[in-house]
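Just the one chain here, laid out as structure tokens, in the form predicted on its own.
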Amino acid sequence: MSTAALIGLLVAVGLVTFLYRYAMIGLFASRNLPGWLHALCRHIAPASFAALTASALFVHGGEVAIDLAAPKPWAALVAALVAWRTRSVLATIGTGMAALYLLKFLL
């Protein structure tokens, strides 16, 4: 593929992506969402984060592999417990990272 064709493709994909996202914002910016849709939208961010986290913890080399001897799932469990008890993002991140490094050192 030539450089000009690659740049054209990138511009086209960027334009399509922009128009798709802007259309959704433009259509719903001046309207109130129905209650059921508004309630569903509150779950988008946690569901996306859970999907990203689960894939980082349990997918290795394109295969699902639940390895309980690895330090990541245990550190994630510690972080989840801290998040549940404290509701603090900083405490969750700090404790999760500390647990990960400690478990990597011990295991």
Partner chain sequence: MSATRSTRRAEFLAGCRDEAPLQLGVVPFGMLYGIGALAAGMPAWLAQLASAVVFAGAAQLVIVQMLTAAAGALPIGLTASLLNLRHVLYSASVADYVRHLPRRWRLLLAYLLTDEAYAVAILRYQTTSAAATKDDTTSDARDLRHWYFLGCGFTLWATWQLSTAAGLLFGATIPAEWDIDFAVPLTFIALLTLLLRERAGQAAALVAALGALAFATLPYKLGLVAAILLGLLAGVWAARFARDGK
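Note that the structure is predicted; figures quoted are calculated from it, not measured. Numbering follows the first chain given and starts at 1. Take the two forms, find the largest set of C-alpha atoms that superpose within 1.5 Å, and that set is the rigid core.
Heads up, the form predicted in complex with its partner chain isn't pictured, but that's what we're talking about next.
Looking at Leu6, you'd find a heavy atom of it within 4.5 angstroms of its partner chain in the predicted complex. Remark: Ala70 does not count among the residues lining its partner chain in the predicted complex, judged by a heavy atom distance of 4.5 Å or less. Taking the partner from elsewhere, Leu106 is found to have every heavy atom lying beyond 4.5 Å of its partner chain in the predicted complex.
Taking a 4.5 Å heavy atom cutoff to its partner chain in the predicted complex, the contacting residues in 6 to 20 are Leu6, Ile7, Leu9, Leu10, Val11, Val13, Gly14, Val16, Thr17, Phe18, Tyr20. When two forms of a protein are overlaid on their rigid core, residues whose CA moves 2 Å or more are considered shifted, and Val11 is one of them between the shown form and the other one. With the core held fixed, the Cα of Met24 is displaced between the shown form and the other one by 2 Å or more. Between this form and the other one, the CA-CA gap for Met24 and Ser55 widens by 3 Å or more, being larger in the predicted complex.
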